Structure formats: C-alpha cells, structure tokens
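Single chain ahead, by itself, as structure tokens, in the form predicted alone.
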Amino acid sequence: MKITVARGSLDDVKTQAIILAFCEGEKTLSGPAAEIDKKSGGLLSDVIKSGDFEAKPSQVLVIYAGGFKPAKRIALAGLGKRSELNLEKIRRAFAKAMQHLRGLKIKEAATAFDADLLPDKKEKVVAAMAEGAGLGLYQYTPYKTVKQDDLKNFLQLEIVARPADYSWIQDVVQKTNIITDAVCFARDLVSAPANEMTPGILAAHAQKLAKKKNVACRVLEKGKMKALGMNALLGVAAGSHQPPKLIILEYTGGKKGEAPIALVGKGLTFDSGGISIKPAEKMDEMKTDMAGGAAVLAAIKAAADLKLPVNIVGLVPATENMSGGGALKPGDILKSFSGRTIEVLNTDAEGRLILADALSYALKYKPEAIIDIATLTGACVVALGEEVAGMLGTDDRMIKEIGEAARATGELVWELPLWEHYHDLIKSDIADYKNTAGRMGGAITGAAFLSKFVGESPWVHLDIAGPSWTTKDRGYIPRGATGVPVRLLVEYLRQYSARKQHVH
C-alpha cells in the first residue's frame, strides 16, 4: 500500500472514503472534522450527538455521506479521552480504520492532519498516522493459492495537507514509509517457513541489501568459520544439512574510519532444540527464531534508505539447530572464537552459543557500542509477558537511550538486573562457562553468559522472545510476525546520529 501526501483540503478530495479521528466525550468538532461537518450539513455532529459513536480507543464507525459529494463514506476513528491521548492510540486508531475499510473492499482513502491532536508533537502525530495505516494492513500471503481473488488489498492512503504544512508532512511521510517498509521486510523474513528461509536464503536477502548505496555484504562460509575457530556456531550447526552462514552487513553513512554501532542478531532459521529436543506442540513457531537477525537486516535497510549519518555493522550468525548423527550433545565442550571454552549442558540453549562467536567477532570492528537482538529465552516471556522485550546491559547511558527509543515507538522494553551473583551461576566445573544455569532467572543468566563475549564495549542485549511473534491481532500488529524491534532500533540510530551531529 502507498501512503502519499497531497496539497489541498479534505472536503475537495475525490476518494472512496475519508478517515477522521475523534476524541471521546467531545461535542464540539475542530480541525478537518469541523470543515467536513459544515460542508455535509451537520452530519458528523448528528452522529456524535446520537451516541452511536463514542470515540472510544480504536472504535470505528463508517457512515454514508449522502449528498456530500467528494467521498461516499466517512470513517470515524476513536482515540479515547484527550487527556489520555498518546501516539500509540493514534497508531491503533488508524490501523483499525484502515482494516475496517479493507473489509469493505475499499481500495483508497484520504485523511488530514489535525493540528489539535498533541499540538507539541505534530511531526510524531503524522508519523503515527502513517505507521498505523501502513503496518496495520500487513498480510503475509505468498503461499495462498486458493480463493486468491478474495484477498483484499488496499492500494492507497492520501494525507491531505494545507499548502503551509505540505513540505514537512511530505518529509515525515517519506521517512515513515521507509521505516514501515523495513518492518514489513522483517515480518516477511520471520513469517517465511523454515524450508523457504534457510541460512543460505537469509544470506541471499542480505546480499540483495548490498545493492543499496553505502552497504556492503560479506558471508563467511563453514570453512572460513572453521579456520577462525568459531566452534560455538559450528557446534550448533553440526546436526543440520543446511550449511551455516555468518552474515556481515556494513553500512557506512558516517565518516570513514568512525567507530560503528554493531548490531548482532540471532539467526536460528529453525530450532528443534537439537538433542535436547523441544515438545512437538508449537515447534512450528520455531521458524521465528531468526527474528533478531531479521531485525538487524531490516534496521540496516532503513538506515541506508534514510541515509543516516552513522556507521553500522550488522552480524547475523545463521544456522538451524537439528538433531542428527553429527549433532552437538549435552556434555560436549566447545572452544569459542574468543578462545573461551563452553560446556553445553542443554543443546536447546543454542542462541547464546552462536551469538558468543558473533559478538566476539564484532569486537574486530572496535565498535562504539554493541546491541544484540535475540529470541533468547522462554524465561523472559514468563517474566515480562508477550508484549515486552527484556533489556540487560553494561552501559547505563545506552540502556537509558534505548529505553527512550522504546517509549517513542511503542516497542516496549524493561530492564532486568545483571548483578554479580548471576555471573557465578554460569561458571562451569570443567570449562570456562556453561551454556545454561537452569530455569531460575533464565533470561538474566542467558544475558550474563553473552556478557562474557563483548569485551569492554558498551553493550545492551534485547531478549525479544515475547514480542517478536503474536498469536492475536494487536492494533497495527496483525497476528504473526511483528517486526519488533525494527522501529526501536531505527529510532535509536536516528537519535544517536542526531546527538553525534550536535556534538560536532
């Protein structure tokens, strides 16, 4: 779907439907709604007075405009009480309105920016409208062959701007389209079945991104990894017939030689648990164990398209975790790329093994900071639920900045402690570390393990096991792959580059 911006007035636009947002309990109309009400002979005022539409959060009512010519339908979208209004409610309201119109087989709609909504955040309001509309309509349909004609596709949303507002709204919408495209790209990668998203196919997607300006891609193959001593990654890959790949994407938007931000994403394209096999129930969802890797690819895609003035290196260790004659066994000891040895107590704690080698490799770039993103532990989902990512790290400023980016985007994180006594729990009797400390505090001990491979670099770990996939529709996040935390990462990179420009 395309989101475009046009100069003019909403009451002059010829379209199938117009969307207007309302706050709950307000009888006096303002902004675009007041203009449409006047032109339609008080139609909207009548509906509001009747009580048929209360403007509760995400409530949608479509009315037929009768003699009001440019648009046949008006979709009223509820934002809830003005005193409780935030960007998330705007995103959800526009997603719901667009989904409702798609259900009516509408192909195009128009809306306008209402300057009275959060007047001190006008650019963020426009971005939220575009994000909600763009992300809420996502569908994953490449494998649908039966009744294909029934698939409803929305073609265009036009945001109508007064001439004075046109250029800044156009700028915001262009940037937002880039970000929503990147989120949908990540959702596509995560939604793909594991037979169609092998390590090799994931690497091919990364190589395609290298066609973009200032992006380069290298893929380390099994032989090269063996020569480098990446035995933790190779150990996990040993049970699979699919060759592992270490995907390296470099985006140079900043000055030459400037230290990059390293993004490291877990790329388990299928996780059976290996010899420590998972239960059969819901094992099909383990195709999503590469959501961290998908987020890294998508964040670099967005950074390149936004031309962010920052250097980024993205590392995605990609493999399957299968059981087979050559597979890793509980009790095996691996010597990692860092030289440190790891006792494998549970082959289903494999994400931290492949990340250990990728994090150590990231240190070659002398990064300004490292962020790793991984569907690491079920324990994190138990602790925080399905909508919040766990955040742990070694750098308070980075933790604060990522927290700010999370609040701005609605991709929520919560910090968990990484105190010294947790580190004692991953010490092995016969190797340097063991790959699991058992059930208690599992999200924290998983992060404590990763911290052993990041050297002195400022580092933050995001455990996205909960929010990377949803089993129910959540506003602008339809059921399935969510694309979390692409928007958070892009916001962090935008703020980071803005702070750097400011310092210089």
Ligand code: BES
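Don't overthink the numbering: it's just position in the shown sequence, from 1. Since we're looking at a predicted model, the values are computed, not measured.
The form predicted in complex with this ligand is left out here; the points below concern that form.
Asker: Taking this ligand in the model of the complex as the reference, which of E131, D289, E411, D114 has a non-hydrogen atom within 4.5 Å?
Answerer: Partner contact (heavy atom, 4.5 Å) among the options: D289.
Asker: Could you check which residue among T436, Q59, S40, S451 gets a heavy atom within 4.5 Å of this ligand in the model of the complex?
Answerer: The option sitting close enough to the partner is T436.
Asker: How about N346 - does it come within 4.5 Å of this ligand in the model of the complex, if we only consider non-hydrogen atoms?
Answerer: Taking the distances in the model of the complex, the answer for N346 is yes, it comes within 4.5 Å of this ligand.
Asker: May I ask you to check whether V460 falls inside a 4.5 Å heavy atom distance of this ligand in the model of the complex?
Answerer: No, V460 is distant from the partner.
Asker: At the 4.5 Å heavy atom threshold, is E320 in contact with this ligand in the model of the complex?
Answerer: Answer no; every heavy atom of E320 is more than 4.5 Å from this ligand in the model of the complex.
Asker: Taking this ligand as it sits in the model of the complex, is E350 near enough to touch it, meaning that at least one heavy atom pair lies within 4.5 angstroms?
Answerer: Yes, E350 is a contact residue.
Asker: Just one stretch in 376-384, 359-367, 185-193, 98-106 has heavy atoms within 4.5 Å of this ligand in the model of the complex, so which one is it?
Answerer: Comparing against this ligand in the model of the complex, the contact stretch is 376-384.
Asker: Does anything in 455-469 come within 4.5 Å of this ligand in the model of the complex by heavy atoms, and if so which residues, in order?
Answerer: Read in sequence order, the lone residue that approaches this ligand (within 4.5 Å, in the model of the complex) is A465.
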